[in-house]
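Only one chain comes next, encoded as structure tokens, the form predicted on its own.
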Amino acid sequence: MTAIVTNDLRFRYRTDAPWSVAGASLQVEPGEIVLLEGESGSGKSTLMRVLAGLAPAFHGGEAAGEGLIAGVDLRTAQPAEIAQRAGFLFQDPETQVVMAEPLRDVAFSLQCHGAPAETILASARTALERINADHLIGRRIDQLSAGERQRVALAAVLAPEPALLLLDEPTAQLDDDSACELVGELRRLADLGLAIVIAEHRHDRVGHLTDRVIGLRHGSLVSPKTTVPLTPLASTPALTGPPLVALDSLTARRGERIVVRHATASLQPGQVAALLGPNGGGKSTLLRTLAGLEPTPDGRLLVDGLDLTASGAESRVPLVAFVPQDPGRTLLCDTVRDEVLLGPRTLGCDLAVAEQMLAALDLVHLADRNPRDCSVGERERVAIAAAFALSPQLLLLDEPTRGMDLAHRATLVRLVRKHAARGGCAIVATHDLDLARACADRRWLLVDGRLETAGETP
């Protein structure tokens, strides 16, 4: 049975709005892996939600056209019936987790699919093992890194063994080893007859896996674009003089657990560090500590000669600006423009810089939209624009290219370089080595709580 058949499928979130999915006619067979390629906001996630039966059932809006998922009619089937056939990984998997512990969360997915009670725990454990996440069993999900939470969400989607997988940015928060393991597992599942549709900006990770690539522009299916890699940044020599940023034997804690131990590092004015390391290695915790959001049990942080160790997060702004890994949770205002202008208005900064950031990050056409109605990549750009608008000395970016297409990644690189050229510093936590090479001149490697700062970007 064909996994997906659509004919002139359309969807929009409001009846007075343009179609977010504009006449998609698509066929996907069992065993086939299809990659959806498109810019941020092109409709990839919306198409996935329609195919999963979530739009308009949960999101509201208006749908038209025809669609069959493993023989089930999208127009008449209930979402629960579609979910028995199609497993869907959200672009922001932290919103997909239900239970407090990984094994229980995957087991809950199996319970919802009516799996026999006596098989549930074993099947849940097997699903976690298949994506090398069984070592997370017994941990609290709210204490996991974003990449670890993504693996738990993937296991919950894979465990019921659906006929179709819909994966929205499945490698966005995974380190290279985890992404490679996932790709191998997806290829094995496809060889067993599973149909897989992937929306992914990291074509370098999944391109070799796919049988077809389909482009999406303004909600319409088109021929895919050829991707062009980011241009690496030439390394810069070490500078003399006092550092702008100094970590002096800094210890970072998340909850009751010490995550980073005695980190010592410094950046001269104009330097950018790529913070690398595996999922769960402590990158996000270190950035949150530098931003004042986590306690500092030991050591010191100095920025521009000021000791910020005992300062709270609010008092570090605008000297330090932080964009977290899930910036959608931090958005406060009802329009994109107000969100980007909020910090400068509150602190009396130059509003012209904020307006420049709206233009630089391609947000002017979204300025009057509620940021929570934007795509994940668009929300990421809103948060980044708000951080740059503060003109900080130290910019902290945690996985800033999540949901971001190549053109906007290149824009981000240019902005980080300009920030450095003006004498600022940045620390960019990322699994995207192309981004690291393009915008950073220093490499900080964090593994098992130990920070190594020797070497330039790879």
Partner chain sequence: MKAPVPPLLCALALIVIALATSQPLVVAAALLGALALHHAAPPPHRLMLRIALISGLFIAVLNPFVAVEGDHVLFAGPNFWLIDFEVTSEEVLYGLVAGARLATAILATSAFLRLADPDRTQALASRVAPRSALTVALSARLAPTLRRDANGLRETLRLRGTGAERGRRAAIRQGTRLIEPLVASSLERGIDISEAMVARGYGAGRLTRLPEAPLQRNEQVALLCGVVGLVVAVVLLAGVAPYEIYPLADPIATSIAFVLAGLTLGVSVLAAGSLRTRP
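Positions refer to the first chain, counted from 1. This one's a predicted model, so the numbers in the text were calculated from it and none came from an experiment.
Omitted from view is the form predicted in complex with its partner chain, to which the following refers.
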Legend entry - Interface residue in the predicted complex among Gln111, Ser266, Gln356, Ser123, criterion: non-hydrogen atom within 4.5 angstroms of its partner chain: Gln111
Legend entry - Sole residue of Gly377, Gly292, Gly219, Pro278 within 4.5 Å of its partner chain in the predicted complex, by heavy atom: Gly292
Inset, instruction - Answer with yes or no whether Ala107 is in contact with its partner chain in the predicted complex, where contact means some heavy atom within 4.5 Å. - result: yes
Legend entry - its partner chain contact at Thr330 in the predicted complex, heavy atom, 4.5 Å: yes
Inset, instruction - Indicate whether Ala133 is a 4.5 Å heavy atom neighbour of its partner chain in the predicted complex. - result: no
Legend entry - Asp362: touches its partner chain in the predicted complex, heavy atom cutoff 4.5 angstroms: no
Inset, instruction - Tell me the stretch among 243-251, 185-193, 383-391, 210-218 that has any heavy atom within 4.5 angstroms of its partner chain in the predicted complex. - result: 383-391
Inset, instruction - Select from 303-320 the residues with a non-hydrogen atom within 4.5 Å of its partner chain in the predicted complex and write them out in sequence order. - result: Gly312, Ala313, Glu314, Val317
